[in-house]
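Before any questions on binding or motion, here is one chain by itself as structure tokens, the form predicted on its own.
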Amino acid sequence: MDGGKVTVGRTAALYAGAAVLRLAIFTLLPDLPDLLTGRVEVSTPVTSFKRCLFLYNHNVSPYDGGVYHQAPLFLLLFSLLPNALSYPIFTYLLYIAIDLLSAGALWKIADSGEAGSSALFSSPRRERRWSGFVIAAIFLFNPFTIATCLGRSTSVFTTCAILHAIAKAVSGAPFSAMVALSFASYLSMYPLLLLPPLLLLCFDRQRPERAKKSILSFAATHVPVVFGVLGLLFGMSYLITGSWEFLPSTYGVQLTLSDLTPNVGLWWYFFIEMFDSFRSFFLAVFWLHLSCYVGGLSVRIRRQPLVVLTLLLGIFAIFKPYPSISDTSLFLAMVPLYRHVFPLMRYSFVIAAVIMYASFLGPAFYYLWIYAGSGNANFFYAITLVWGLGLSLLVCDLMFAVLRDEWELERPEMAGKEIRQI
């Protein structure tokens, strides 16, 4: 189950196979990337490559008209590449490289063994796990990961930054972890909510020669790094754009949900139907709901901070303002790390069936609404509710399995016995 002995040849074959598969699809199906770029399941107003490309090609101020809602550094990055319409191969290679870098970080997380044995908790089932090779392969050949790469969603950069932040944390490099999290937060804002559990993970994985005994002094040392790097990135963005208008256009749109383009999330339809007089109140409620999980999970599952990070990534994939299948692919990439608690999960078949059901019917319902005209917004929103239900079941079932694993260690006489939740 661990994938056997991992050699340099097998590693090279894995990465080469993933890269060739993506490059072959890009080359043999040249219309598919543009099709996926326009799909609401893949691209959102805050991750759309097409919006960034259009403005870049037409020399339009990126933040005029409320069209572009992404970080200014993306404009600088894509300006360094040859024209994506005339020479798309360079853009393809960039996205393929980002996926491979993400897989490499995930491999390091898996090989660290943190999922089964943290500084404060060691699962009795910890030996039952998959190797980093298997975990990286699951990520690279996940259809959601491949579709996100083909659709050239800029969320792949956020995914890469988050995974590298976690990888640096488990490697005992807290400064690098804070820098990576800063980049992720700069690109998408919501990763900033991962700071508390990431700090706990960095604290637990400190190197003995530089370890701090107090979590407060550790936080006081490393939290300023995050905000310092963010300030530096904001300053660079100001130099690129010549103004601060990127702040409301990039981050304000996520806070206020001013762009109500449909997506796989739960916010857009709710606020389409919302009366303006109640809008501010429910925006605050939705953001409070999203952020309130951070403290509760960090306290309740303090002994396993990597579990907290994984569960929060699942919650963000459901409840953030502009989710996409990229967020789901990141969460699904982390779930196999907990192979040791899979036998404790209760609804695996139901979860798989619901997610597959929504994956196939989602595009069909969107087509009926937008193109065929035989449906309405309720069609698509109903299937997004089913999608959210499937992910919610997975988050809850994984949390149950992790807590049951802890409980059985404390009360070994209850191992294998049926329990009833009250």
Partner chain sequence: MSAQPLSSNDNDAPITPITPKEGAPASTRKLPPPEKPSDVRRRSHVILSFWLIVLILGLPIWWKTTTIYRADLPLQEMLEWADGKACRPVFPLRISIQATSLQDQEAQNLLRLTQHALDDLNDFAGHHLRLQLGDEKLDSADNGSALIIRLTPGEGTTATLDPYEPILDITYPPNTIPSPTASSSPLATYIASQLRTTFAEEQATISYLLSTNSMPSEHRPLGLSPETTESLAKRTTRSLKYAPTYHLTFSLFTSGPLPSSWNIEGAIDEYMKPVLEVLSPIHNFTIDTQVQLYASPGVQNQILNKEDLSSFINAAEWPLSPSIGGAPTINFIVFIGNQTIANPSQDSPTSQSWLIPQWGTVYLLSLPDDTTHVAAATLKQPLLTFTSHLLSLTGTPESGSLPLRLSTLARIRSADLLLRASSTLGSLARLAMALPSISIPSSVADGVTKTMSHLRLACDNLGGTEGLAHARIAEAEAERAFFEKSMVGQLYFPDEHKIAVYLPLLGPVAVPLVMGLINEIKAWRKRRRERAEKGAEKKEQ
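Note that the structure is predicted; figures quoted are calculated from it, not measured. Numbering follows the first chain given and starts at 1.
Here the subject shifts to the form predicted in complex with its partner chain, a form of this protein not shown in this document.
- Contact annotation: residue 381 falls within 4.5 Å of its partner chain in the predicted complex, judged by heavy atom distances.
- By the criterion of a heavy atom within 4.5 Å, residue 296 is counted among the residues contacting its partner chain in the predicted complex.
- Interface residue remark: residue 392 is counted as part of the site for its partner chain in the predicted complex, having a heavy atom within 4.5 Å.
- In the predicted complex, its partner chain lies farther than 4.5 Å from every heavy atom of residue 415.
- Proximity to its partner chain in the predicted complex, taken as heavy atoms within 4.5 Å, picks out 265-273 from the listed stretches 101-109, 219-227, 178-186, 265-273.
- At a distance of at most 4.5 angstroms from its partner chain in the predicted complex, none of the three residues 19, 37 and 371 contributes a non-hydrogen atom.
- Of the listed positions (214, 79, 280, 261), a single one reaches within 4.5 angstroms of its partner chain by any non-hydrogen atom in the predicted complex, namely 280.
- With the partner omitted from this view, the residue of 157, 319, 331, 133 that lies near its partner chain in the predicted complex is 319 [heavy atom within 4.5 Å].
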